[in-house]
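Single chain ahead, written as structure tokens, the form predicted on its own.
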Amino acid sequence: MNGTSAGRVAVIGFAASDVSVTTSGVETLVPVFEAALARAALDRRDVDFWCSGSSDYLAGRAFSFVNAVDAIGAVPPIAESHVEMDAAWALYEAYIKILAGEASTALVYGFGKGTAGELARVLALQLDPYTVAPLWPDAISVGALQARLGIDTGLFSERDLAAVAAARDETSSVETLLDRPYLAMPLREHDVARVADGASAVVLAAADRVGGRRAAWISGIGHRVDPQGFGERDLTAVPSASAAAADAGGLDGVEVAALHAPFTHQELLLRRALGLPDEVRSVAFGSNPMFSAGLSRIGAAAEEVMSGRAAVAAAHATAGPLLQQNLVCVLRSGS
């Protein structure tokens, strides 16, 4: 979505935590809300709409997001919604809510406790329930299949993957990383984002509520999905990411990109799909807190704009196996 909506909604606050005490998220979310609202110079009662992203299968119980509402304080009544996926998609819902004139401000949050179980096996629940999920392939082995396809087709090499990891961690070198053992060939430990707990929150505001605050204006958002079945798509391409970027108005002029790439080879696939030239700087991706990592990438891109380090930034979020679902958000300085 772009064009006539350009500049009408802005990110004015962001906060994140890499700690999660319980699967309900309440203890983690309260300080994250306070930090995000403080940076937005808003009070809790100033928020018109709350929208979250989390997962019942990660928390291990039905309607788990309801517990998190305790962190908001639901009396007096609030306007609230939830998506069963990364909170980047909750931000899209809140963005539409503001554009529709049904809210002037929104706080979007995501949370997850990925260390509560064996995440690599839990993520098998995202797979085709008829032919793949019953085999319970772990997420790292599934990622390794995609990486192997990319190497065999000449898109990149193991050295290229190590270079991505070295760029994420300045204390390491490509040669050192290549000496490490495989987790699932051709992936090594540094190729897989660390499983993490965490939460994040982003505050949105309509143009008439931004005032003199720091702001990163959303000029476009798009999200698309590729087929779920592994045999129904080319795993070395990410057409849904390309289409999402086009829906967001394109990435011309982008100076920095915050990509949600749980595996190093996926950062290379995404840069290719999005057509990002080498001069577009990357905001390093470290750990992968489930269901808030994508929202945090939007927050990180917004921080690049609000701090003045970039005039135009692109954020990307993914969900599902092997970059199946992709969202692209373009943020700009000025109104």
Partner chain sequence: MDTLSAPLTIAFDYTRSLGPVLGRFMAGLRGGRVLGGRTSDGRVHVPPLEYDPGTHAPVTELVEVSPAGTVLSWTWTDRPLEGQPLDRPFGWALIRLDGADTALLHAVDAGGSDAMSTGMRVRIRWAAERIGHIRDIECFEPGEAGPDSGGDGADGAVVEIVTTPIRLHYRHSTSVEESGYLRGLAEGRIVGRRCPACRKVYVPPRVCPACGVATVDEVEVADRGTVTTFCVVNVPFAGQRLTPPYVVAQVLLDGADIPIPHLILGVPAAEVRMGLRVAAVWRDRADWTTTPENIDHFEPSGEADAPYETFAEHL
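Just so you know, these numbers come straight off a predicted model, no measurement behind them. Numbering follows the first chain given and starts at 1.
Beyond what is shown, the protein has a form predicted in complex with the partner chain; the following relates to that form.
When contacts are judged by a 4.5 Å heavy atom cut-off, V132 counts as touching the partner chain in the predicted complex.
A residue is said to contact a partner when one of its heavy atoms sits within 4.5 Å of a partner heavy atom; R148 meets this definition for the partner chain in the predicted complex.
Looking at E27, you'd find a heavy atom of it within 4.5 angstroms of the partner chain in the predicted complex. In the predicted complex, A71 approaches the partner chain with a heavy atom inside 4.5 Å. Using a 4.5 angstroms heavy atom cutoff to the partner chain in the predicted complex, all of L58, E118 and E232 count as contacting. Think of it this way: in the predicted complex, the partner chain has a heavy atom of just one of D169, D152, E255, E189 within 4.5 Å, and the residue is D152.
Checked against the partner chain in the predicted complex, the candidates D226, E80, D138, D160 yield a single residue with a heavy atom inside 4.5 Å, and that residue is D138. Exactly one of the stretches 95-103, 257-265, 204-212, 118-126 approaches the partner chain in the predicted complex with heavy atoms within 4.5 Å, and it is 118-126.
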